[in-house]
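Encoded as structure tokens, the following chain is the form predicted alone, with no partner shown.
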Amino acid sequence: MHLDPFELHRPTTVEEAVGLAHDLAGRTDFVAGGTDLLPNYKMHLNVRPHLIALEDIPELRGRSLARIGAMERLADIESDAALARVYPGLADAVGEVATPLVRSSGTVGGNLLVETRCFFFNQSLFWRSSLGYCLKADGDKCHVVPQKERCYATFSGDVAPVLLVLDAEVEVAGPSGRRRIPLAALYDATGDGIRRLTLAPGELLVAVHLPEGARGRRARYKKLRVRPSYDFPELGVAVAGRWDAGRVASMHLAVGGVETYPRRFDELTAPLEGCALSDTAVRGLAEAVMRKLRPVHNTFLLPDYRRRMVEVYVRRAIAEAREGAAE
């Protein structure tokens, strides 16, 4: 495998980066840590002739309990004691991303925007050419669910589910200016494995903002993967909540690694507020989440097994979040 030639641009401000993306529309990618993009380029997956490096933009750095820059390294988040104490679920999720070497380069923004994955996409050019290309790269059909309209590649980030249950917002800059939106609005629930984001062409993720109310929630993240040392998630479940005298004051739940986008289930958790969370209620919630998810066979584990494990991991995540709140 090798990298095809490309021109590297090194802007020093957000405005300069956005301007370059606008001028080179359709011919460029942003590169942060490069831990996903560059391996994909080596496999000749959707290569662009221009890369805009974000390393030299100071505004994309910095972290506090209220704001985390998109270029903050995952390893630095993992080792930040203050963040881990207030947001233990975030520490859980960051620590589950790949390997220490990858986390030393990978970034928060990169993990939120990480490419969706599939058996038939994440392969070498030789492998893909022998079978026939897919919708997501160079082809016109899906090999997972045979048809020519929808890509079923799966969202493969770990950080998003936790930030979703903490009500995080993201700051986005683009040719039309800046905006802040709920993290959930960054992902397109009506899209697919290709059209998975709501970002406009040339828009750049600047930072993640955490509301003050998130600091009182105890969140946990549980991840299912084949090789615990470094694999992408086959399933990721995040739970955050507050409990008052054994009753649910508030609770949020999100799942990633199963569909084309990370999904929060407020319609299932909202009715539990004010109720005592019995084992029966937890089991009912876990089963309801499981019934709403329909994984397909585009990862190592069989869809039925991944779906059944949703129930198990929801119960485990809730149990750990409640224990954390009690402590």
Ligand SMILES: Cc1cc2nc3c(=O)[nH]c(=O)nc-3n(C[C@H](O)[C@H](O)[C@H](O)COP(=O)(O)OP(=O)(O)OC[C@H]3O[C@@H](n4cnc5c(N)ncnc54)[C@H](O)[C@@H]3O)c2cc1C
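In this text, residue numbers run from 1 along the sequence as written. Note that the structure is predicted; figures quoted are calculated from it, not measured.
Not on display, but discussed next: the form predicted in complex with this ligand.
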Close approach of Y230 to this ligand in the predicted complex, 4.5 Å, heavy atom: yes
Distance check, V114 to this ligand in the predicted complex, heavy atom within 4.5 Å: yes
This ligand contact in the predicted complex: A286, any heavy atom under 4.5 Å: no
This ligand contact at I68 in the predicted complex, heavy atom, 4.5 Å: no
Triple contact flag A32, E203 and K223 to this ligand in the predicted complex, non-hydrogen atom at 4.5 angstroms: yes
Heavy atom within 4.5 Å of this ligand in the predicted complex - the one residue of L125, A75, A98, V86 that qualifies: A98
This ligand in the predicted complex: contacting segment from 210-218, 239-247, 162-170, 104-112, heavy atom within 4.5 Å: 104-112
